[in-house]
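Quick heads-up: the structure tokens below are two forms of one chain, split into structure 1 and structure 2.
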Structure 1
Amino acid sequence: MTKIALHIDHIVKVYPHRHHPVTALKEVSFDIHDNEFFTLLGPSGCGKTTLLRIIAGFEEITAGQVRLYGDDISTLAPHQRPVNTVFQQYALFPHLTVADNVAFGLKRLGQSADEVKARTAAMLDLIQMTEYGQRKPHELSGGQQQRVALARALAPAPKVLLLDEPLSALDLKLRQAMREELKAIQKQTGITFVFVTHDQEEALAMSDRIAVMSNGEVQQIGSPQDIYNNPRNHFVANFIGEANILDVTAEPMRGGKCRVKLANGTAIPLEIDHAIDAAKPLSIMIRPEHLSIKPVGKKPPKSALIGTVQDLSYLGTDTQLHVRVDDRISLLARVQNDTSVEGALKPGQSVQIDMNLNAIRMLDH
């Protein structure tokens, strides 16, 4: 049985205002597992940081409950909660050495000098900065400061570590390197990490599970693969990666299959695992990499979509194409680069578009 680290139970957060109170979180409920790298992902203003601050105790709850390993911590002050937070701004003490920054929380807890020394050394070894112990924060790079902030938060051995967009101040290459380090440290320590970000790539690369948030609500929770390949609705499909979303009408068929029609009348047979209401607006989603693009053959099949390449963008490993089928349908495709692709596809060229039917997903509105 999976052990639950955090139980978020019908959390509501309303910021009072004389005329228009703002509801930042609307009945948010889910569980975070022990030793899990769990990410709250969403755009600015979606409620993810508010929820993190509620877990930390920096924000009061309007309604609901937070339980940590079964204990209700909803009314505890931040210093009474066995959690620590790594902030976007690392807030290292500039007058203290790296070692003293890491040791700060341990000393506040009243640990003995020997315990503080041993634990500080272990944390510096964990972040591979033993030789930097006597440096001051201003003598470190951004990535090194981030690691010191992480070590300081981990030193008191919190039950849960909260991370509020800690990589956002770093450049691209350093962010990518720190993703791997954070994930490795999480697995090595066995501490549950709750990570907040608006960066989809970060979330997909690091997380065991992701909660996608929008307008104070959780839209979907799942593994990175599930969130990407099986988005539940329009918001998730659009926010995670790139997606072609097409309005369709449906004609139910037998045996878990249906036939959908695009706006131009093209029929597509699909296997579905849930009932659909053909009377409601329906959409399908397919990722750009699941479209096959090639020059139109002499006798293209009747079911094939025929379009015109509008433009191409070379992206190194692949090429991104915008293809217009007609006034109602435009598609974004990605094809792996090789010499045949580079020589065959050009703006203005007529192409045949084949869809991977197994990769098409029906979406809720």
Structure 2
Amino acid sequence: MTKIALHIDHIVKVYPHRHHPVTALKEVSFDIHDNEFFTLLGPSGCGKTTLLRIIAGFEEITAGQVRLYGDDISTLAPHQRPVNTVFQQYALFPHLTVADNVAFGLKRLGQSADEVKARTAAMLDLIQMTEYGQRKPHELSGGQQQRVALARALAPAPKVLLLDEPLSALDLKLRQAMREELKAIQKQTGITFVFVTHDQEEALAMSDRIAVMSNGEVQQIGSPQDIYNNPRNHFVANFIGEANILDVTAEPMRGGKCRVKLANGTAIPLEIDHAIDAAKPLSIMIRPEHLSIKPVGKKPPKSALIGTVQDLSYLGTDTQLHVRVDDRISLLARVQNDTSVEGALKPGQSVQIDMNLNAIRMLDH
């Protein structure tokens, strides 16, 4: 059994406001495992920071409970919780040197001068900034400040480390380098990370598991592969990567299979294990890379989906194209640029679209 580091139990958060209180979290519940790189992913305003601040103790809970390795910490003050935060704005103490910043938490925990010194040196070594110990924060670059903030929060060896969009102030190159460094440091220290981001690429690249949030609710929790390949609903499918979502009608067939029909009548044989309520509106999702596109041959099969290339955009390794089938169906496809097909495609051309049936997913709603 994996140990549970944090148990988020039916948490509700309402920001009181005289005229219109804001409900930032609506009964959120999930577990974060020990030694896990866990990411809260969602669009702006979905409640990620609120949840993180509740875990850190900066925000009171309206209802629910936070358990840290089994103990209810909901009523503890921030300085009583063995949890540290890397703030989005870093929040390094401007009047203290880098070394004193890193040592701050250690001293408050009452460690001896020797212990503090050794641990501070070890942390500066971890972030490869040993020579910078005597500098003030304003004498560092953004990336360096970021690393010091990380070292400062890691130094007291918290049970859980909270990171609120720590990479968002960095430029692209540095952000990508820091992704790998963060991930490596997490593995090396074995500390549970709770990472907040609205960047799905960042979430997919770094996380062991992701909780996708929207509107104060968790939409889906799973591994990056799971979330990308098997999105549960429209929101997740659209938010993570790109998706073609098509309305369909279903008709059951023998042997647990069912056939779905696109709006233009094209039938797609799908293997679906759960019973389908054909009366409900249904939709299917397919990723752009799971469509294969080729110029229409001499005799296209009757069941084939035929469309017109609207536009092409060159993306380096891939070419992305919009293909219009009819008024109701328009598809986004992606073709690898090492195939012979890509050179032959032009706007206005008629193409045949084949779907990889294994990659089609039914969406809940």
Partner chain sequence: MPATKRNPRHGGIEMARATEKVKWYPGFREITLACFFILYAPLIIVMIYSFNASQSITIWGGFSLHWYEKVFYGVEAAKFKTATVNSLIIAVMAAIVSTVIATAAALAMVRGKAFKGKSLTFGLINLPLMVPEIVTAVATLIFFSVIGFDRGLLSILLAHIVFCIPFAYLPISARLQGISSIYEQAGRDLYATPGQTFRLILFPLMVPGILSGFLLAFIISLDDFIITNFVKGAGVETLPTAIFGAVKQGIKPNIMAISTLMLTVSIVLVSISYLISRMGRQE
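Everything numeric here is computed off the predicted structure, so don't read it as measured data. Structure 1's sequence is the ruler for residue numbers, which start at 1. If you superpose the two forms and keep the largest set of C-alpha atoms that fall within 1.5 Å, you have the rigid core.
In this comparison the chain labelled structure 1 is the form predicted on its own, and the other chain is not. Once you line up the core between structures 1 and 2, the Cα of Gln134 ends up 2 Å or more from where it was. Here the rigid core is superposed, and His19 then shows its C-alpha moved by 3.1 angstrom between structures 1 and 2.
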